[in-house]
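Below you'll find only one chain, the form predicted on its own, shown as structure tokens.
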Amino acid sequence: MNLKGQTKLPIPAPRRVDPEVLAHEIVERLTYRIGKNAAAAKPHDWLHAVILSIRDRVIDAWITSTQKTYEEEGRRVYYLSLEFLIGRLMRDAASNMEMLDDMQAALASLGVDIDIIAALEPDAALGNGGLGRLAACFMESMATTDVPAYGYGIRYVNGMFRQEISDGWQVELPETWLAHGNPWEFERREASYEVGFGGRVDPAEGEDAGPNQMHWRPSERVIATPYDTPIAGWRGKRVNTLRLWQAQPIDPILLAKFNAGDHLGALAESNRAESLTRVLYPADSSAAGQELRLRQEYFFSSASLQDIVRRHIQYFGSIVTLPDKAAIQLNDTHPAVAVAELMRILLDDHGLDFGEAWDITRRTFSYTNHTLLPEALESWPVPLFERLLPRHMQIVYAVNSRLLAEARKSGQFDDHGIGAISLIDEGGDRRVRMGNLAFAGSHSVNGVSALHTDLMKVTVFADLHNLYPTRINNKTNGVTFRRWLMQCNPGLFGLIREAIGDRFMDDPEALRDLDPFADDSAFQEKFLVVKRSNKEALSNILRQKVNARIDPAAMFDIQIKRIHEYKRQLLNIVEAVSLYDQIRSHPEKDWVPRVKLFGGKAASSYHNAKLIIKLAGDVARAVNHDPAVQGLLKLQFVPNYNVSMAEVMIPAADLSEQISTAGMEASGTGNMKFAVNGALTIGTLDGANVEMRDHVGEENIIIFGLTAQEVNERRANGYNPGEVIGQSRELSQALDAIASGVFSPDDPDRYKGLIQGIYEHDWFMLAADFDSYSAAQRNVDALWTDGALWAKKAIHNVARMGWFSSDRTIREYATDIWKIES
């Protein structure tokens, strides 16, 4: 099929990829695109020229992929996510287009080191942690598995924030990743849309107006302008599109106000619009912060839905066939308002009756839940929602009426069950439940690990699951091994390739062929040499970055995650204090040298998370400067943890800390990245740790602590943390030291409240799991002393992690949810 009357253009011939051709192209782009000759070019000029050379080949595949999608008239996936943590793209794209080695040789012939210029590329500040990185892995895997897809998000000018540590405290600064432009993106001004807020709703007028058709008259409008980034799959077989929205005012300056002397007021509309796409996750501790967050979510959801519907009408004509051609995946609750927005478009713009619109909506949407924390499911005060989105509030009430009538008619629910199903939370200030809206408005609701999915059915969505018992399904997360093994750990990649050949590059489950080499002493020795090299590289970077001097011979014990109490960085720090005391008390013992590394950002309004970062620094200062433990224990917090830092820290890790309170981590993906890079995991039976244990073997993972069921039983049966603390000498001494100011002599009361919270309620079961965690760490010490056994277990982890590829996850989504053949 031609593109609806457009001339079908010939597919360009593949461009040659060899060092000589690439070197010529790089110099040509340096000259004619950047305006520099090679002698005058700076490292950032070389980077830009290299990206342009790679990008040309990506564009060829991008155009071919788009044309193929339209010709096949198949279904396309639209992945809506508030985060896409894509990281640096130059090396990733070159690798996926199979030109990385040739590019490196081309640059070497020009006297340029690819590693030096690659380090200059900024990390795209489009996410915070696992949610955004998962979305990035999924975009790459959708292209790799030949699933036609668009990713939709926000083009944050300053992202989350750039984290600096000043006197041990987190300081938030703007992340200026777009300061010098982004050579990967393309502005598509012809696909801009208006997005409205506020105003009033009137009945639609005219003879053709239906009974459910209304006319929303927003009091404020902004322009959503898209910027497209091509995302190449492995071997360039498909290139999909990441479309990010930027907000712009309709009038950039109000000249009447400017001319009247109100120069700041003249820019108020512009500033209000631009604030929508400036910062990821504005602090929601204030009413203004909550409003901005809801405005962001509706802004990108509305622009995306308008774009999807426009494309569908353009190529397929009738809106009623939308579910046959579009599969819209909601990545967590952030884009849940899209359910109400699609209903508005179907009802008001296309005049469908309510029942037909609701059927189309539910068949089009599917929803991925990423949390069991009720507060993370998002809910908005009804007055705020109604003021910003009055038409959508009407639709939510109308949907809720049908939903509750259906629940009543089933006869399964009492008033409490009906209240749990309702889209409106009546327990206090009335709020719109976005998780319930996403669930009700989707034909599929998936968890992201087997444990998480089972818990969804009996916790946050228990009553909705009873009403729709076939809707919840599981899709365990995965990671793209192209980035998290082949690119970030070239030494291990080369070693694996030498041992088992190339098949695992296309089929990650072929890593299993490496399993017999775990018993090969020669391979173990090579494996440990690669690990030592990676540790030396990280040591050098930390010396440059934070002036830290760490011994690569020590065990590298790493926890890198968003800072949150349920992820239990605090448990790790308290155990380090206990270990510190034991080393000082028994210097005669043969202690294993250990370096504990932490990284992650705390939400700007999360006081306890910021306090945990400060505590890590205070404990590090005391431990690292104490001659009694020199060479045996060291702590370091690594500031501004991001994708690029992860690519250095993960290959260097010996021990991976996955120690969240059981039943609270939906899945985790860092656990998968560490394991496939040859780290052993110490963790609870939480999230995907459960499935990792099943795949790598319980003898090759260190599990401790309460199970999710045991956690719930303790909470239900009057758990007394003070009593547990009193029975553990090591724990009580460590907590007393922290609370009394041993590590904060400048402010002895700094951590009193933090520690008192453990004594009084200990919701995250730190005290309950401490002794088990401490014993597991001593088992780790014993295992470390047998280098051959450690290497054997680590190699088994690498070999048995192939199932955790995001390619496998995407194939499951495509088959079970999107109904697309991948």
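The first residue of the sequence shown is number 1, and the count goes up from there. The model shown is predicted, which means the values in this text are computed figures rather than measured ones.
Quick note: we don't show the form predicted in complex with a small molecule, though the next part is all about it.
For the small molecule in the predicted complex, the listed stretch (93-101, 661-669, 235-243, 460-468) containing residues with heavy atoms inside 4.5 Å is 661-669.
When contacts are judged by a 4.5 Å heavy atom cut-off, F316 does not count as touching the small molecule in the predicted complex.
Residue contact with the small molecule in the predicted complex: K634 places no heavy atom within 4.5 Å of it.
Using a 4.5 Å cutoff between non-hydrogen atoms, Y281 counts as a contact of the small molecule in the predicted complex. Of the heavy atoms in L255, none are within 4.5 Å of the small molecule in the predicted complex. For the options A119, A105, A288, L173, the residue carrying a heavy atom within 4.5 angstroms of the small molecule in the predicted complex is A288. The listed set H350, K526, R293, R344 contains one residue whose heavy atoms approach the small molecule in the predicted complex to within 4.5 Å, identified as R293. In comparison with the shown form, the Cα-Cα distance of E269 and A287 increases by at least 3 angstroms in the predicted complex. Annotation for the pair E269/A283: C-alpha atoms recede from each other in the predicted complex, by 3 Å or more compared with this form.
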